[in-house]
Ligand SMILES: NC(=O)c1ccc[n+]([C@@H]2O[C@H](COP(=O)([O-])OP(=O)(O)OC[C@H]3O[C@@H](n4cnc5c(N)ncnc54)[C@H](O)[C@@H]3O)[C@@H](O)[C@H]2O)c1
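What follows is a single chain, given as structure tokens, in the form predicted alone.
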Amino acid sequence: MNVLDSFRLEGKAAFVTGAGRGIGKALALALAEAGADVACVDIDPATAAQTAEAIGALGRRARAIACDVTQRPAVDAMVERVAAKFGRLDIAVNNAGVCVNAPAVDYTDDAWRRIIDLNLTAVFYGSRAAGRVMLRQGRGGRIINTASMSAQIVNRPQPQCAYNASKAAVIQLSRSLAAEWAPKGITVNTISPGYTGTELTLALKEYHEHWKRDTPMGRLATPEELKGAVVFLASPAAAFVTGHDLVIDGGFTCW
């Protein structure tokens, strides 16, 4: 196979959670641009529909699905629905997440649970449901979970202990699943973005100079700069890559 052809995803079917905006939208579009059919999953049906419409304009099949990924029955039903719609499931991207900046002593139990439920437990639900389908199909698959450089470093100046803990756990969960499912041809990897210019982070203008100063490349990433990583991990080019965390942080973790 030509090396460029090994990155193509024609004939593959995928879902991406948190696909309505920001990083999730960019990842969903990336998979479609590489040739995959994509289900755009988001708690907001309107934004999911917008992403699905953009994918349809690329000539790929798309489906917008409203789903609260913190609810296990909803996730199980969503994954089965995607597999039924496309006739298969090859790629699962568990991307939905949230961050709350607050000192640890001020964190409420509800805030802690909200972050762990969405950033970690929902990733497990999505990975488990996708793994079940992929094992049943018997032809392997690709699971890609969004972690963060915050799994390796402590961000500054904003306090975000729950987010950091949740993302570190996503990496270890993904490694555990990778080891368990490798004999069945299912790879499980993570991407760990650094500061990326989404609607959420662009609004936090008071932190931008700190973030840029601490990043060797001196700027925030754009969501589009994460596209290549997810296409690589989803493609035949990464057939022997599993249990890996791909950091995309402009050099932040070098220091």
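No experiment lies behind these values; they were computed from the predicted model shown. A residue's number is simply how far along the shown sequence it sits, counting from 1.
Not pictured, yet referred to below: the form predicted in complex with the ligand.
Residues with any non-hydrogen atom within 4.5 angstroms of the ligand in the predicted bound form fall in just one of 179-187, 128-136, 95-103, 79-87: 95-103. Heavy atoms of T196 reach within 4.5 Å of the ligand in the predicted bound form, making it an interface residue. In the predicted bound form, none of the heavy atoms of A54 sits within 4.5 Å of a heavy atom of the ligand. Proximity of D68 to the ligand in the predicted bound form falls within the 4.5 Å heavy atom cutoff. Within 4.5 Å of some heavy atom of the ligand in the predicted bound form lies at least one heavy atom of T201. Of the residues in 149-174, those that come within 4.5 Å of the ligand in the predicted bound form through at least one heavy atom are, in sequence order, Y163, K167.
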